Every structure is written in structure tokens, then in C-alpha cells.
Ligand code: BES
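Given as C-alpha cells, the chain that follows is alone and in the form predicted on its own.
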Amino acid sequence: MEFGVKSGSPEKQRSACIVVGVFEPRRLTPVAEQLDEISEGYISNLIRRGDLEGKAGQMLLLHHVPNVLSERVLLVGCGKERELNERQYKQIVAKTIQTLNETGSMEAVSFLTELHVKGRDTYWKVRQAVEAANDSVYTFLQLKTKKGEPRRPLRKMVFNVPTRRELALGERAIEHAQAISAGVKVAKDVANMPPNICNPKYLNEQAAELVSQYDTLSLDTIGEAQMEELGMHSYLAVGRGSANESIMSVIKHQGAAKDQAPIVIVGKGLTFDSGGISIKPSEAMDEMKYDMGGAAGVLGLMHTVAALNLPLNIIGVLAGCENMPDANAYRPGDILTTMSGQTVEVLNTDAEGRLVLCDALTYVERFEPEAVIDVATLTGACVIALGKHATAVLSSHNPLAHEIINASEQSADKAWRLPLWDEYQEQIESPFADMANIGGRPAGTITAACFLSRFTKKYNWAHLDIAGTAWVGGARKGATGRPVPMLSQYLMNKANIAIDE
């Protein structure tokens, strides 16, 4: 979809549709009042008759409003003015886009960006509107024989800003939002692809395709033979039961001098997780194609990084693997030697993501990074702790954790920090090896991070558990593309990108 910004009066807009808000109870916003005045009370008369209360998400489409140049006016319920928050604002925008998509309006001018959202400026409102709009029209139709797209879908959305001075701010917001939305779409598309198509080789091919589009990018491919040479026996053990080769794809973006320490983002890429010998229950096992949500997010993030050409050195690692039961599969009771030399007793083969990540986290030491963030659909315990709303952040470095949480608040991609105290380390002790790969039911998200922390002593590190946020299940299942917005904001902050350049 195409987006633009302008600054003008609603009565002067020649458009297929003008979008204005109505607060509860039946109170016109200032822009709606302007339209009501030139239409000689047409809108307020309808409101008084009870056609629209103004409850959040209510929609009323008007045709040929007297003295208004636009063909249509869409009245959007915004709830109570003092209660309009960030979440409600995004929901209103998304519902508006869905409604416009069904009306046949191929372009529209929205004045919703002039609503007051506490603590948020024009840049934030325009950027969030673009991201919400792109998210609301996303579909995954690649494998459907009948696409079922709208007959006359919305093609262009223009957001009105209060003054001409804010046009540059709005344009900057659109540029950033489009780059982030493109990354989110990539993450969704790859994650939604079925596991008979999306395997570690497919991830590597998608990385190669991205690299071919940008001069700042390069790709290193680490297959099983090289993993063997590197001593990545933990990573290799997880993929041993699969017919698909484990492949680690290392995407490098050079946006700064070669001697500048890179920021490394590592994504867990279990393209299907059956649980291995510790096989999962059959219910909803199809959703285990989303166990590569971390790698999908990193791939999407690297699209955003390249599109914005961030002046940083950034390395994205897709740790591709598949966990299957087989005569050659690794077993509970096995003891694995990791790339770091530390040994791990396997108590559950369904705690496989950490066994892949630990070797990937050791591998990236060679880059002498400024910081390393791993992204993984790691634990069901995270869903129990935080539900589907917040990504868990665990870190051994307070400044890095604070930067990530700050980015989550700026981007409206919610995250919450959990503790990583030494007391939890005791749960993963083993009588036979340096550590066990699980620590029991209590604090499962934390003990998983404790395991990873033992492989990250040489750099500043944070762990994002996206088990609850990478996808939604049930009848409307699908990938969310998170945490691409949060990590994009984190990197933009590191690059000191000014929103008003």
C-alpha cells in the first residue's frame, strides 16, 4: 500500500473517502465539527439520531455529504477521549483500514493522526498508523489456488498532519514504518510457510536472495561438515534425526567502518520441532513450524536494516535446524560436548533450541561483538508467565536490557524483563555433565536463559523469549512478525537516527 502525508482542511479534500473521528458519547472531533459546519449539520443530525455512539471501533460510512468534495466520509468511533491510549489508537486504525478495504475506496485521507494520544507525537502516530495498516491488510495466499483478494482494495492512504511544519516528520515516519513493515512481512511470510517447504536450506536461500538485493550485505553459509570441524556437536545432535541438513546462515551488514564492533542478532531456526524422542503431544503440533520464529524475525530485521542502510555493522544469524525422531536421533541421557567445550546432559530432547543456540552463541565470539541478542521461541513457560502479549527479556548486562525495554516502549512492541539471578543456576546442575539442558518446571523461562548465559561470558548479551509473541494459534493462526519492530527501534536508536532529519 502507498502512504503519504499532507496538511489541509477536510472540506478541501477531493478524495474517495475522508476519515474522521467521533468520541463517545456522540461527540465530534474538531475535524468532524468542521465537516459538520460546512454540511450544515448533516453529520450532527445523524449522530443525534443514534446512528453512531462513538464507541471504539464503530464505523459509519456516509455518501455524498452536502458541500463536502469527498465522495465518502467515514466516521470512526474513538471511544472516550480521555481514555484513548496507544493500543486503542492502533486498533482503531486497523479497523478503519479493514473497513475502507471493503468499501471500494481505493484511496483515502485520514485525520485520525490528529487525535491526541498521551505522550505521543505526530511521528509516532503516523508511523504506528502505517505499521497497523500494513499489518491489517496482510494475507498469506501463496499456497491458495483461489486468492480471494478484495475487488477494489485500498491502494493509497494519506495521513493529515496539523501543520505544514510537521510534513517532514510525517514523511520520515512513513519511511521508517515502511521499512519495518517490509521486515515484518518477510518474517511472517517465512514463518507461515509450511515445514515441507521451509527447512534450513530454504532459510539459507531466503538469506541469499536478500543479500543479492543490497550491496551492504554478504552471506556466510555454515553446513554440517563445517559445523563438525568447528566442534558444534550440540547443534549437530539436534538435527541428527532429520533428513534435512542443518544450516547456519550468517548475514553481515556493513554500514560502518570495518573496525567498528558489530551488533549480532541470533535467531533460533527450528523449522519444525517434533520434540524428537521426547515427542510432543499431537494437538497443535502443526504450529511447531513456528519454532523458527526467531530466525524469521532476524531475517525480517535484516531486510529493515538494509532498507534503512543503518550506519552500523550488524550480523544476523539464522540457526537453521529440524528436530525429528529417528533411529539416529539424539536421546534423553546423552551427554553432548558443545563448541565451547562445556558438556551438557540431555534430559529432554524437546529442550532443543538452547542446544542449537549455545553453539551459535559460541560461534559469534569471533566477531568480537559490541552486543549479542538471541531471539527464540524457547519455552512454553514464557507463555504461562507473560501470555501472548509481551516478549520476555533476560540479560546479564543491565544497560543492554534497558535499551531493549526502551525500544519496546517506543515501538509499541511490548516486552518485560525477567530476573536472571544466580540462584536459578542451581536448577540446571547435573551429576554427570557440566550442566543439564532443563531445570524442571519452576521458572522454566529463566532456567533456559541461565543455560544460555553460560555460553555468553565474553560479550554483553540479552535473550528474547518470543514463544508467546511470535505467532497466534487457533482458527486464525499466523505469524506476528514480532519482535522486528522492537529490534528495529533498538538498532535505530543505536544508530542515532533522528526522526526529524
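None of these values were measured; they are calculated from a predicted model. Residue numbers run from 1 along the displayed sequence.
The protein also exists as the form predicted in complex with this ligand; that form is not presented, and the subsequent description refers to it.
- Taking 319, 301, 378, 237 one by one, only a single residue has any non-hydrogen atom within 4.5 Å of this ligand in the model of the complex, and it is 378.
- Checking 452, 32, 438, 68 against this ligand in the model of the complex, a heavy atom within 4.5 Å turns up for just one residue: 438.
- Among heavy atoms of residue 85, none comes within 4.5 Å of this ligand in the model of the complex.
- Within 4.5 Å of any heavy atom of this ligand in the model of the complex lies no heavy atom of residue 417.
- Residue contact with this ligand in the model of the complex: residue 359 places no heavy atom within 4.5 Å of it.
- Contact annotation for residue 114: none of its heavy atoms lies within 4.5 Å of this ligand in the model of the complex.
- Looking at this ligand in the model of the complex, residues 89, 95 and 413 place no heavy atom within 4.5 Å of it.
- Shown alone, this chain has one stretch from 348-356, 213-221, 163-171, 254-262 that lies within 4.5 Å of this ligand in the model of the complex by heavy atoms: 348-356.
- Taking this ligand as it sits in the model of the complex, the stretch 251-280 comes within 4.5 angstroms of it through a non-hydrogen atom at 268, 273, 280.
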